[in-house]
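Given next are two forms of a protein chain, the same chain in both, each as structure tokens and marked structure 1 or structure 2.
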Structure 1
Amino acid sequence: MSDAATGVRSLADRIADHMLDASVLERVVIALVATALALLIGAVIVAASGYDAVEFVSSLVYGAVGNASNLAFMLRQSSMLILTGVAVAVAFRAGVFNIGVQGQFVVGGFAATLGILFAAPLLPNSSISAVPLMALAALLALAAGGAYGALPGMMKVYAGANEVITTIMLNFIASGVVYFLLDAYLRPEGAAAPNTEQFPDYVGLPGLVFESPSFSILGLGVALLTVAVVYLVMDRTGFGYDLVTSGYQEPAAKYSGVDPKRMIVRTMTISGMIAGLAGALFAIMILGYYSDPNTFPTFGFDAIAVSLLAANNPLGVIPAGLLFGGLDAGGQYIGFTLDVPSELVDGVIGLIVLFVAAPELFRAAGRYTSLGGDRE
């Protein structure tokens, strides 16, 4: 090997060693620097395209955190992305590729809606009924989302079906069936769109910090609490260890007395339950009714990128979700206020995601290759 090649390899080993041993603070600093560098390069691209780069970048930031209304919208998007992101992370970390979070999200939200609409007439027409109605909605969403997640899990372990294919197909099935039921049985008489009736006025999360009709800080609290519970289960319990082992080391799981097939189904069930809970939060906090799932934001698909950016770590989903929520809010604000092509906005946002994800990708490459001289 030539001296130049040896020098390059030595440099790569030193970088890999540092990346693998980086502290949480160092990773945060690296992510911030990567974001700033991506914004700088994005600004150059915007300027080269004939638009005001300073106005573009300032609008992107202002759209996310510029005022209370924008901040509330950013946190609303982030709450949904954190919940759906941790749903994906549960499955991916256990070695199961759940691409069906969007469908589980739709089914969970629909189940929550049915619970509210059918139970509300049976309870007093006052705010005292809000808590039991929302609790019922959450339980139904957990059950429906979990069942819809368990289905591809059972198809995988008992029929050998590839979960990527089945979960993708089940996304479309969920949207199509829910649309049919809405249009055929739940659309109010005379309604132009396939929407259900509005929820009772007293059903909803209180605004508290923000005066936003579609965001409550309690919704963000639900997302953060879910992350905490998932982290504790996955990293601090034997059950969580068995989940991960069953996905990545099936022979070892069998040797230790764990049924890997059953654990894979449980993994998909838990992932679907979290996605269903996200659907309930979407219906209660954001919509206040239920509508055509084909018009919903693609939280379940965006959650895949959120989870991958977080390296499938439940705690890492929080900053990843905040980043994606901020980019979503800023990008939408630019679309409303500036005459900039949406393709250019999406390109710059994609560049930011790429730069932020690159250190994690390099770290993963170092972990699973021979980079890093002192590692086996």
Structure 2
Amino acid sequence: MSDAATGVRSLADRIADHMLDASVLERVVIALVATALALLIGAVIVAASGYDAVEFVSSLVYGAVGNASNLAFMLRQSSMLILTGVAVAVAFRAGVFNIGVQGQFVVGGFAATLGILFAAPLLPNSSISAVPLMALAALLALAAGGAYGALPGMMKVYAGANEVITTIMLNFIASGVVYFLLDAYLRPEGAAAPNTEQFPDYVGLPGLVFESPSFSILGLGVALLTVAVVYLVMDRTGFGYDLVTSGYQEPAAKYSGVDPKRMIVRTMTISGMIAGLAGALFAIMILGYYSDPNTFPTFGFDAIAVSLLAANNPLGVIPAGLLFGGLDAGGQYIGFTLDVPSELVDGVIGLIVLFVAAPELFRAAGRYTSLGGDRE
């Protein structure tokens, strides 16, 4: 108990320490400016396309936090983005470009689905079975996502195959194969859509705070808990130190006793496990069945933007995930109400990533306007 208390206190201390750090401050500023600039460009494009830019921005905000159900939707998207974002952050932090979180997410969700559909008939048909069933689903998702992440890790280590390309290919393959299996073997007789049958009623997370069929505050809790664990491991354990050091400077990591190859595979496995867990959450909390992965939201890709905006810091993933969840919810809202295509928000997210990739651009701008000049 006291251990946990000191842990929390030192955690708070460290966050405060970090916040005072100039480089952290600079990153926060860059993230905010990048987001503002991208939104501005988005608004200009909206105006140029003949829509009302002011209405666009205000609807975006309303769509995210305007009422309880919008807020629930935003938090739902944020939970997914925080979870997948931290999956990306683990890998990026170690210097491994796991672009395959979407695929690992799809595979993890599918494994969870299989677990639920095949184990449910063996258990009593009542809410007693909910916890064991969901625990089983989560375990299977962790295993499947981890394995699907380890695969490109091994391809990189043993065959020198660039993980950016292999993971993107594996995303396509995951969606294709899962769709095929779903369509061929899991679609109930006579059903038109390639969906599995519904999970038993008792499988799902209780709404508790929000009255939303597809969002439970527990889902957000799972995401935040994962962030906390990842943060503790990265910051407070020898393994985390090894992982982060590998990302900063691999020769130094090797010098200090890290086996670089094993570290890459482990990193990809952990990253894939978290992505798989996100898949399970998606299947259980949001869908309640499983469907054609090609129609899924691209949480795994937006997660890259989330992680980058957070400078791959697990704690930073929380605000970044909330921001992107808001953008996502707002984007979908304007898609319904203003007829502004919701793809616009995807483009804005792309712009944010582009700007975050070039911090030098903002430093140069800062020097030019002498805004950041006093730091020198």
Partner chain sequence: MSTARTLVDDRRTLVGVLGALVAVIALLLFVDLPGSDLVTVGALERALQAATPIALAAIGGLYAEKSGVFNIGLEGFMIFGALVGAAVAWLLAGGDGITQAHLWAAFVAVALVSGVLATLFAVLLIRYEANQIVAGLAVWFIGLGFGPFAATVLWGGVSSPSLPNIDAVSVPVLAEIPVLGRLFFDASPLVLLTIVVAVAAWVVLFRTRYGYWVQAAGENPEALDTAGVDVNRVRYATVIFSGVMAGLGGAVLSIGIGSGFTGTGVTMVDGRGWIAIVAYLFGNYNPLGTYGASLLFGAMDMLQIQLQTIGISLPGSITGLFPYVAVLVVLVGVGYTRVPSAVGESYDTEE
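The first residue in the sequence of structure 1 is number 1, and each one after it adds one. Note that the rigid core is defined as the largest set of C-alphas that superpose within 1.5 Å between two forms. Not measured: the values here are computed from a predicted model.
S.K.: Any idea which of the pair is the form predicted alone?
M.R.: Of the two forms shown, it is structure 1 that corresponds to the form predicted alone, while structure 2 does not.
S.K.: Superpose the two forms on their rigid core, then report whether the C-alpha of residue 319 is displaced by 2 angstroms or more between structures 1 and 2.
M.R.: False for residue 319: its C-alpha shift is below 2 Å.
S.K.: Superposed on the rigid core, does the Cα of residue 58 end up 2 angstroms or more away between structures 1 and 2?
M.R.: Comparing forms between structures 1 and 2, the residue 58 CA shifts at least 2 Å.
S.K.: Any chance the CA of residue 348 moves 2 angstroms or more between structures 1 and 2, core superposed?
M.R.: True for residue 348: a C-alpha shift of 2 Å or more.
S.K.: Once both forms sit on the same core, give the Cα displacement of residue 39 between structures 1 and 2 in angstrom.
M.R.: Once the two forms are fitted on their core, the shift reads 6.4 Å.
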